[in-house]
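Encoded as structure tokens, the following chain is the form predicted alone, with no partner shown.
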Amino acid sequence: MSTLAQYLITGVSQGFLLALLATGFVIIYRVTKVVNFAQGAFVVLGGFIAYSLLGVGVPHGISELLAVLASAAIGLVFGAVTILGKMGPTASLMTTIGLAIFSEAIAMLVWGTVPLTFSGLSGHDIEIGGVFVQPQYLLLIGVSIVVLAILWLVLDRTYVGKAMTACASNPYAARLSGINVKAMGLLSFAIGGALGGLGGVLVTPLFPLTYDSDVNLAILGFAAAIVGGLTSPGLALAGGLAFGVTEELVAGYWSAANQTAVALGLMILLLLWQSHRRQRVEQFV
């Protein structure tokens, strides 16, 4: 029972990382209709930037905050490259893939190919239900919950959030209402970058990252996002938790080598289910 509890706690922490990624996918897609496959790169760059800042003596907290802000700035640049060129959906998708590959090349040149990590939240392991948990796992879960809750309030209760929702619903009507649709699109990329960077600084102390870790992260984050059809942050959170726990259980009770294969299989099933559901809805319209 304690082993299962350990797997569940670890899986939930991984699930919240995926939820941060998936929420980034959702926010960017809702506003711009772009599937940003560079989302995983924000995690890697955020973690690596924090690693470098800590290495030159910048204190914890400040290093992580600066890394998140840097990831948001990188997201803003990626957004400018992707959406200001007035490309179609396919071209925009290919652009984000190109940006992800470019990010890998930069990360490899700057930080090398060796997995990198840094010390996380200090302190003794905390006992929960007979299981000892590293404080960093609880920090990842707690910070993710707070950030996602704040983001939900911003999107649901503020003018900026309502403007972003309007762009998602009807960009033409939003433009007529005086909303700067391009600015909202750039903001969505910056938020996506910040969410990815936050995930990076929280998870790097637990799971060392390499320059190409973004590929697996992007796949899993996208899989979580499509649970809600790339439009629902709440379902993206549920998808992230489901995939995180499933991956940990597969690694614990079967084999870590099969984690990605199982995740890809679940993603394909979800895509087929989404397609079937859409076809059934269209039949009645």
Partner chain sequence: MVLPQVASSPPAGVGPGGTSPILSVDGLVVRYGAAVVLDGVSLEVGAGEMVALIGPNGAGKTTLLNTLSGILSASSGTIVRRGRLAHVPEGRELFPELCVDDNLRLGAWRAASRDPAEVYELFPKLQSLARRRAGNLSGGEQQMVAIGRALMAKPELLAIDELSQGLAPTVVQEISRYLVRLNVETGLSVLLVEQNARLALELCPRAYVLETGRIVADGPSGHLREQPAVQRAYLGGHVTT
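Numbering follows the first chain given and starts at 1. Predicted model, so just to flag it, every value in this text is computed and none were measured.
The same protein also exists as the form predicted together with the partner chain; that form is not shown, yet it is the one meant from here on.
| field | in the predicted complex, the residue from L93, L148, V154, A163 that sits within 4.5 Å of the partner chain by heavy atoms | value | Looking at L93, L148, V154, A163 one by one, just A163 meets the 4.5 Å heavy-atom criterion.
| field | The single option of L109, L176, A80, I128 touching the partner chain in the predicted complex, heavy atom within 4.5 Å | value | Answer to the contact question: L176.
| message | Taking 4.5 angstroms as the heavy atom distance cut-off, pick the stretch from 139-147, 99-107, 177-185, 193-201 that is near the partner chain in the predicted complex. | response | Checking each option against the 4.5 Å cut-off leaves 177-185.
| Does at least one non-hydrogen atom of N170 fall within 4.5 angstroms of the partner chain in the predicted complex? | Judged by the heavy-atom cut-off of 4.5 Å, N170 is in contact with the partner chain in the predicted complex.
| task | Answer for F207 alone: is it within 4.5 Å of the partner chain in the predicted complex, judged on heavy atom distances? | result | F207 lies outside the contact set for the partner chain.
| task | Indicate whether the partner chain has at least one heavy atom within 4.5 Å of a heavy atom of F132 in the predicted complex. | result | F132: no, not in contact with the partner chain in the predicted complex.
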